[in-house]
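So this first bit is one chain, no partners, the form predicted on its own, shown in structure tokens.
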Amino acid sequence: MRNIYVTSSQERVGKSTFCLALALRLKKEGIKAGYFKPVSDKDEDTDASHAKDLLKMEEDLSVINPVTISQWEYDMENEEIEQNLKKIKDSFKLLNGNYDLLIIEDCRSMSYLSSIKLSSRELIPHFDTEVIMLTSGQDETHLDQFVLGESFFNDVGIVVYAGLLTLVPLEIMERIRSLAERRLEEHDIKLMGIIPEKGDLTAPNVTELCSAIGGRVLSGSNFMDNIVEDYLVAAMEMDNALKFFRRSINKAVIVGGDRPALAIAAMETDTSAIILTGGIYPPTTVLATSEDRGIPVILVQEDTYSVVQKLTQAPVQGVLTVTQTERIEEWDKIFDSIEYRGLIEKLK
């Protein structure tokens, strides 16, 4: 069988989770699917390790994810670019012989590394693959990204098999679906499906959140699998705190490290994590409450505004792990509404 290359028009649209969920679905149907991420943009990329565990892959992580190129390495010489491409091709050859097909995940987005000729459209011709493109469906304007992506690939003779809209708010799902089907058909792009914006599908856990903001876990390390579906900034007076915190569930509360009473008040409600800003270490009462309530406390050096900016400009998306059985089951149900079987037949 041929392979499936999953790319995206922008970052943080749930690409990693989709890749792993698709591989699991195919395995359930008797297809031996493997995972391959040719390029990562950070040294501690956990996508490959999650895939290795979930899919029970025997290959080394250095094969599943052979190359790392961060934004600080754009000045590499042509010789090093060729060496990286050789690593990618050698790893693909090894993996491709061990599986019926590979789910190949793009790094960041379709255009990442274009200037050094290691982007998706330079790599895809080496993989004997069909291409799926993911795009956020937060509003109608994101359909423009599909059209842009089609041009990006068609310019070099690559055909996008289909697109998926992800993170679509439930209240606009039918409107987005109708519009997307009509508009994408005009550009000869097939809409494979729509993935709703639901916390049990895409919300990160505290571990993923902590990694994204560069935090340090002070307490509650046994509860890092808590799911984070919302963020609240605690900047009010104590008189109004509890009423405010009860507005949201499964939330991470961002609060200045100099306001421990607010942190404790937040932990009296349905809270997944406390993020203390300003690098101010809290009193032991905060840490004791954290352990008692099963709510991790994370310390960051940045101020509250900077943390909020980081989380809103690049929202953190959760990935699948072997311990998240409920999320795996939810993703399996999602594939009942995604038209992927036609793609599988084409791959044969």
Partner chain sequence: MGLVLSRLEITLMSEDKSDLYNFFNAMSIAVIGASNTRGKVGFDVVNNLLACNYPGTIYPVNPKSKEIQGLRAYKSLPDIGKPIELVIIAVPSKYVIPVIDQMHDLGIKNVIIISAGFKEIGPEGAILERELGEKLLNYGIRAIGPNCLGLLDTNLPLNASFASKMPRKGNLAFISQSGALITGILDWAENEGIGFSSFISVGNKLNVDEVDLIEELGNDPNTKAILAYLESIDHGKKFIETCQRVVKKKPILVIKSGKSAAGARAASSHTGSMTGTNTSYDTAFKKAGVIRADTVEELFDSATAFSSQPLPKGPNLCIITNAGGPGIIATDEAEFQDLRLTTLDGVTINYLRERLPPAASTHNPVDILGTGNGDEYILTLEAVLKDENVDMVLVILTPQGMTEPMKTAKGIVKLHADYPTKPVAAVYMGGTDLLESTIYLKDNGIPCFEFPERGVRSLSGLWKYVKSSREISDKVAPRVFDDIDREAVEGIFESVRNKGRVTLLGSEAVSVARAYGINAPKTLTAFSVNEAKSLAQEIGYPLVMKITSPEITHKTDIGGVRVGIKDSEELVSAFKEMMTSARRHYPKAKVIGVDLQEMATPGYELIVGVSKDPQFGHMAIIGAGGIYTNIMKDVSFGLIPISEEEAKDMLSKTKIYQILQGARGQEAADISQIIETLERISSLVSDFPSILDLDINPFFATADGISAVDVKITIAMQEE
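We call the rigid core the largest set of C-alpha positions that still match within 1.5 Å between the two forms. Small disclaimer: the values here were computed from a predicted structure and weren't measured. Positions refer to the first chain, counted from 1.
One more form of this protein exists, namely the form predicted in complex with its partner chain; it is left out here, but the text below deals with it.
- With respect to its partner chain in the model of the complex, the three residues R2, L94 and S114 uniformly fall beyond 4.5 angstroms at the level of their nearest heavy atom.
- Think of it this way: in the model of the complex, its partner chain has a heavy atom of just one of A265, M224, L191, A234 within 4.5 Å, and the residue is A265.
- Contact with its partner chain in the model of the complex, judged by any heavy atom within 4.5 Å, is made by just one of V156, A261, L148, V159: A261.
- Not displayed here, its partner chain is kept clear of S70 by more than 4.5 Å at the level of heavy atoms in the model of the complex.
- The closest non-hydrogen atom of V322 lies beyond 4.5 Å of its partner chain in the model of the complex.
- Its partner chain in the model of the complex comes within 4.5 Å of a heavy atom belonging to P283.
- Not displayed here, its partner chain is approached by A288 to within 4.5 Å at the level of heavy atoms in the model of the complex.
- Contact with its partner chain, judged by heavy atoms within 4.5 Å in the model of the complex, is confined among 118 to 126, 243 to 251, 202 to 210, 78 to 86 to 243 to 251.
- Annotation for F245: C-alpha shift of 2 angstroms or more between this form and the one not shown, rigid core superposed.
- In the core-superposed comparison between this form and the one not shown, the C-alpha atom of P282 has shifted by at least 2 angstroms.
- Fitting the two forms on the rigid core leaves the C-alpha of N222 displaced by at least 2 angstroms between this form and the one not shown.
- Cα-Cα spacing of S219 to D47 is enlarged in the model of the complex versus the present form (difference of at least 3 Å).
- Pairwise change in the model of the complex: N222 and H50 C-alpha atoms lie farther apart than in the shown form, at least 3 Å.
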